[in-house]
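Let us start with two forms of the same protein chain, each given on its own as C-alpha cells and named structure 1 and structure 2.
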Structure 1
C-alpha cells in the first residue's frame, strides 16, 4: 500500500518536472547568460491575473504572453531593466516584485524604524519617571523618618 503510494507520488513528481522542463525547452536561448536572465525575470515579474504568483509559476494565459514577450525582448537584445520597465509601463508597479521607493511606499520602509524609535522613546521616558519618583528631597526624607517613628509608637 505504502509502496504503491510512493510510486504514484514519484510518478507525479516526474511528470511535473518533465512538464516544466518541456516548457523551458521550447525557448532557445543564445547562451547560458540569457537563459539565466530569463529565469530571473520570470521569477521577479508578477502575474496581474493570478496575483500571488510570478509569471514563471503561473499558467494563466496572460502569464504565458508575458513570458513570450520577455523571451522575445531578450532575443532582441533588450536588457533586464528594459524589460521590467516595459512591463511596468503597461501593468504598473504591481507587476514587479520589487516595488520602487515612492512616497506611498516609503511608509513600508520607514514605518518599522519609526515604531522602534517611538518604543525606545517611551521606554526611556517611563524609566526616567520611575527614577524621579524614587528620589526624595532631604526634607521629604526627614518627614518620612518622622512618619515611620510615629508609626512605631
Structure 2
C-alpha cells in the first residue's frame, strides 16, 4: 500500500519536472545570452491573471502567451528593456515585479513607511498622554492616611 503510494508520488514528480523542462526546451535560442535573458525575463515578469506568480511558474494561458511573446521579441533582436516596456504598456505596471516610481505607484513605495510612522506616533501619543489628577473626597483622604499609617507600622 505504502509502496504503491510512493511510486505514484514519484511518478507525479517526474511528470511535473518533465513538463516544465519540455516547456523551456521547446524554445530554440541562438546563443546562451538569449537563453539567460529569456529566463531572467520570465522570472521578472508577473502573470496578470495569477496571484503573485511569475510567468515562468504560471500555467495560465495568459502567462504562456507572455512567454511566447517574450521569446518572439528576443528572436527579433529586442532588448530586455524593450520587452519589459512592451509588457508594461500592454498589461500595466503590475506586470513587472519592480514597478517604476511614479505618482500612481508612490503608495506602493511609501505606504509601508507611512504606516510604521503613524504607528510609532500613536504609540508615543498614548504613552505620553497625561492622566487627569483624581480628586479625593475628605473621607477618602482620611482613609488613605489611615492606610499609610498602618503600612508604616
Partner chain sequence: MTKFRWLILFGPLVLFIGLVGFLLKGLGSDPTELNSALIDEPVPQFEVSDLYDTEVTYDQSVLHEGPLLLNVWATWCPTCRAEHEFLNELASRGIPIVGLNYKDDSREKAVNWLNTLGDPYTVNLFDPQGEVAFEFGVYGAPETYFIDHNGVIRYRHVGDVNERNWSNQLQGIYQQLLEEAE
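None of the values given here were measured: they were computed from a predicted structure. Numbering follows the first chain given and starts at 1. Between two forms, the rigid core is defined as the largest C-alpha subset superposing within 1.5 Å.
Between the two isolated copies of the chain, the form predicted together with the partner chain corresponds to structure 1.
Taking 2 Å as the criterion, residue 106 counts as shifted between structure 1 and structure 2: its C-alpha moves by at least this amount when the rigid core is aligned.
In the core-superposed comparison between structure 1 and structure 2, the C-alpha atom of residue 122 has shifted by at least 2 angstroms. On rigid-core superposition between structure 1 and structure 2, the C-alpha of residue 141 is found to move 28.8 angstrom.
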